[in-house]
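A single chain comes next, written as structure tokens; it is the form predicted on its own.
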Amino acid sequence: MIRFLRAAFAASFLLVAPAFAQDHDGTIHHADLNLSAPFTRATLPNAPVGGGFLSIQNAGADADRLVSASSPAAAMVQIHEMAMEGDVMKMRQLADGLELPPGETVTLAPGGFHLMFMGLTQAFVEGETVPVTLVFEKAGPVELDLPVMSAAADAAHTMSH
């Protein structure tokens, strides 16, 4: 009986464990997707929102879609877009998610597509990380940590060796 329970536990872990690998430069390979340069910005204490940014390369032959995100650091994480409407920059939720065309890289960056952390459970502190789970239509879920950069950061730091 114990042997059966151990096998069942091991099998259940394999079913829910994300299948990904990470390069020495921090790029996460998940199915046909390569996730790189993740970061977020430091927030003030009691700030209600924060942004999340990264690049997602779809190396596959078929389109995929970022359909949702979640984090224990926020009550809700939405996928947003900043775009000009006339002379006004507006932000809106992408209710259908973010299309990832085959062979292309989509960048989530300040002033464009981004993750919007809403209802922060704590301030984002420079030097710490914020865990997030991204869910893709075809590739499934993947967990990653967003390094917290300065409040004015507009890109992830890259390390040169």
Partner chain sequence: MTIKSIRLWLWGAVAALALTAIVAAVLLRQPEQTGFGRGSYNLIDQNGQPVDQTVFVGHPTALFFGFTHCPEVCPTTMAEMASWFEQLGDEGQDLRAYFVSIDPQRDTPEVLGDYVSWVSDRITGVTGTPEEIAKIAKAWGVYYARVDLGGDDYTMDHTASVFLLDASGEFQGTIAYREDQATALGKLRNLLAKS
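Residue numbers count along the first chain shown, from 1. Here, rigid core means the biggest group of C-alpha atoms that superpose within 1.5 Å across both forms. Given the structure is predicted, the values throughout are model-derived calculations rather than measurements.
One more form of this protein, predicted in complex with its partner chain, exists but is not displayed; see below.
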**Asked** Does its partner chain get within 4.5 angstroms of any non-hydrogen atom of L44 in the model of the complex?
**Response** yes
**Message:** Using a 4.5 angstroms cut-off on non-hydrogen atoms, would G111 count as touching its partner chain in the model of the complex?
**Reply:** yes
**Request:** Answer yes if any heavy atom of A21 is within 4.5 Å of a heavy atom of its partner chain in the model of the complex; otherwise answer no.
**Result:** no
**Request:** May I ask you to check whether P102 falls inside a 4.5 Å heavy atom distance of its partner chain in the model of the complex?
**Result:** no
**Request:** Given that the partner is absent here, state which listed stretch (47-55, 28-36, 132-140, 65-73) has heavy atoms within 4.5 Å of its partner chain in the model of the complex.
**Result:** 47-55
**Message:** With the partner left out here, which residues of 91-112 have a non-hydrogen atom within 4.5 Å of its partner chain in the model of the complex?
**Reply:** M91, R92, Q93, P110, G111
**Message:** Once you overlay the rigid core, does the Cα of M91 travel 2 Å or further between the shown form and the other one?
**Reply:** no
